[in-house]
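Given as C-alpha cells, the chain that follows is alone and in the form predicted alone.
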C-alpha cells in the first residue's frame, strides 16, 4: 500500500499542500484532479522525495520513507516509478539507448513484454526521440519506468498535449499496465473524462486541500459547487 498521512508543503508564504491524506492499493488507479497550480505535481514529487514535505509522512508497504536520506530514497524510487509530464528522453541517444541507460543486464529482460503492454513496436527503438511522435516518446518513458519493476507508478499529466485519439491510446496503455503488472497508479491530471473512464477513485484538490474523494460515479453525480464548476463545459462519458 502507498499511504500519505497529513502531508503539508509550503513555498515561502504559500501553502501548496495542506494536510493531504492518500491511500492506494496495488491494482488500483487513483486520479488526483485539480486546476493548475493546486499542488498536484508537488504531491507526486513529495512521494518520491524530490520535494521533501514540511510535515506529514509517506508510507510504502508499511515502511516510512525518509526524504532527507538520499540513499534510502533510491529504494523508494525503485518501488514508485514517476512518469513525468514531458518524456525527458536524451536527444543524443536512440530510444533503445534511452531505455537501457543506467539499467543492469537483468533489468532489460522484460523489454519485449513491456513494449507489448504499451503497444509499441520494437522496430521503432532504433530511432532518435526527434524522429518519433510525442505520443511514442511518452510510451518509451513509460517502458523506461516499467523496466525497473515498480510497485506503484505515478503519472504526471499523461494526456496533456495529446489529441483525442492519442489520449484514448494513452488511457488504454494505463489500463494494460495496471492489469498486467498489478501496479497501483496515481494519475495527476485535469482530464475529467479520462478520470471517469479509468479511475477506481478520484481525489479533487483545491487550495492545497482535499475537497472530494470518492468513486467516479460519486464525483460525476456530486452537487458540490466546485465540482460542478470544474466539470462545466466538459462532456463526461459513462464509466
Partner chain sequence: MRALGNWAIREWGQLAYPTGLFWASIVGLLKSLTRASLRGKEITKQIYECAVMSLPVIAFSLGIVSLMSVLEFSWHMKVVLKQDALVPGFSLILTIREVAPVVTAMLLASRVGASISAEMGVMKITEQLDQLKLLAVSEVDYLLIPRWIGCIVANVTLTLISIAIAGIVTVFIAARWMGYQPAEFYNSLLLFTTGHDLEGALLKALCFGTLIPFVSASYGLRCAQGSQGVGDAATQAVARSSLLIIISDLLINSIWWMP
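Just so we're on the same page, rigid core means the largest C-alpha set that superposes within 1.5 Å between forms. Positions refer to the first chain, counted from 1. The shown structure was predicted, so the numbers you read here are calculated from the model rather than taken from an experiment.
There is another form of this protein, the form predicted in complex with its partner chain, and it is not shown here; the text below is about that form.
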Is residue 91 close enough to its partner chain in the predicted bound form to count, meaning some heavy atom within 4.5 Å?
yes
Classify residue 175 as contacting or not contacting its partner chain in the predicted bound form by the rule of any non-hydrogen atom within 4.5 angstroms, answering yes or no.
no
Using the partner position in the predicted bound form, report whether residue 148 sits within 4.5 Å of its partner chain, counting heavy atoms only.
yes
4.5 Å heavy atom contact, residue 50 and its partner chain in the predicted bound form:
yes
Within 4.5 Å of its partner chain in the predicted bound form, heavy atoms considered, which of 57, 182, 63, 70?
70
Going by heavy atoms within 4.5 Å, which of 117 to 125, 83 to 91, 131 to 139, 163 to 171 lines up against its partner chain in the predicted bound form?
83 to 91
Verify the flagged residues 45, 74 and 77 against its partner chain in the predicted bound form: is each one within 4.5 Å by a non-hydrogen atom?
yes
If you look in the predicted bound form, which residues in 117 to 144 sit within 4.5 Å of its partner chain (heavy atoms)?
144
Under a superposition restricted to the rigid core, does residue 130 display a Cα displacement of 2 angstroms or more between the shown form and the other one?
yes
Compare the position of the CA of residue 78 between the shown form and the other one after a rigid core fit and state whether the shift reaches 2 Å.
no
